[in-house]
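A single chain comes next, written as structure tokens; it is the form predicted on its own.
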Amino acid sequence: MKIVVLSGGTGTPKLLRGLKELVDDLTVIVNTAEDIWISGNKLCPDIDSVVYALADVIDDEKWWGIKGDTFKTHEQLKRLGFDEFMMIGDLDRATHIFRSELLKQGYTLTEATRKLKNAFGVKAEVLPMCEEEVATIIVTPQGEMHFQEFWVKHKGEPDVIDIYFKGIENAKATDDVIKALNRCDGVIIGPSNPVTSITPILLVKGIRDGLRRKKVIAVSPIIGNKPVSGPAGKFMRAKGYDVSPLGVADVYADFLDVLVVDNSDADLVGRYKDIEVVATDTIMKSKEDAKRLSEFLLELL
């Protein structure tokens, strides 16, 4: 079975730990709208989390960075008076340097990502959503700020008036992304933030058209009226969506076939006119949980 997964950086990498055990031909298309240059290097937080999860080296307490990493360089920069607002681990920084040097040599982000995932021994294909620079901008009463500033520097505390994706109008799907969508047997949208993790992927020219031709299953990252983690609720409200699994379905309404909700939301089954809603245990606290949910999704496909 050839499966494509759309992924952000937290919920979906948890799921990927299960899918990689069950799917021989797996391609992950990853959000790059949260990428940012820090301390001279290009950070691709969602790509790195996907690679680290597939390589079984991710820090599965924080769900970012590498397990057991140290922060000596970050701490030394701080002592020198340099404000590196993102806490970057030493091993993680090596990933950013590796990528940045390849980009400076003329490699595309797709090529650099392939070299990176191969270096980590990852068999699955990991593809950035596009080559063009896109930035998630959060509009707050304090002004506009990059997603990483909002979430890391300001700890997600400012009120959110709106969200937009700078540069998205120029973004187009790469040949690799189009090929993966054309040849796959089905698409899974993991339990990532629908607004800032998945919507940028959907806005890349060519991707939505590809999804409309395939069976697409999405796992809701919202249980009841609260996200499992992160600022999804704040962002859903800012974009006019209900903070609920059915609000998630609304984000994907023009191409989604099946929405998977948690058992605690089983009363929603049959409540969405054009989308099948099914319930199972969607909480993933372990690899075994991820494998169980993955088996459920593959059965649906």
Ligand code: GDP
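Only a predicted model underlies this, so the values are computations on that prediction, with no experimental measurement involved. All residue numbers are counted from 1 along the displayed sequence.
Another form, the form predicted in complex with this ligand, is not on view; read the next lines as being about it.
Think of it this way: in the model of the complex, this ligand has a heavy atom of just one of 231, 89, 200, 128 within 4.5 Å, and the residue is 231. At a distance of at most 4.5 angstroms from this ligand in the model of the complex, none of the three residues 45, 145 and 163 contributes a non-hydrogen atom. For residue 22, no non-hydrogen atom is located within 4.5 Å of this ligand in the model of the complex, even though that partner is not displayed. Within 4.5 Å of some heavy atom of this ligand in the model of the complex lies at least one heavy atom of residue 220. The shortest heavy atom separation between residue 136 and this ligand in the model of the complex exceeds 4.5 Å. Proximity of residue 18 to this ligand in the model of the complex falls outside the 4.5 Å heavy atom cutoff.
Heavy atoms within 4.5 Å of this ligand in the model of the complex belong, among the stretches 186-194, 201-209, 98-106, 173-181, to residues of 186-194. The partner is not shown here, but in the model of the complex the stretch 280-298 reaches within 4.5 angstroms of this ligand through a heavy atom at 282, 283, 284.
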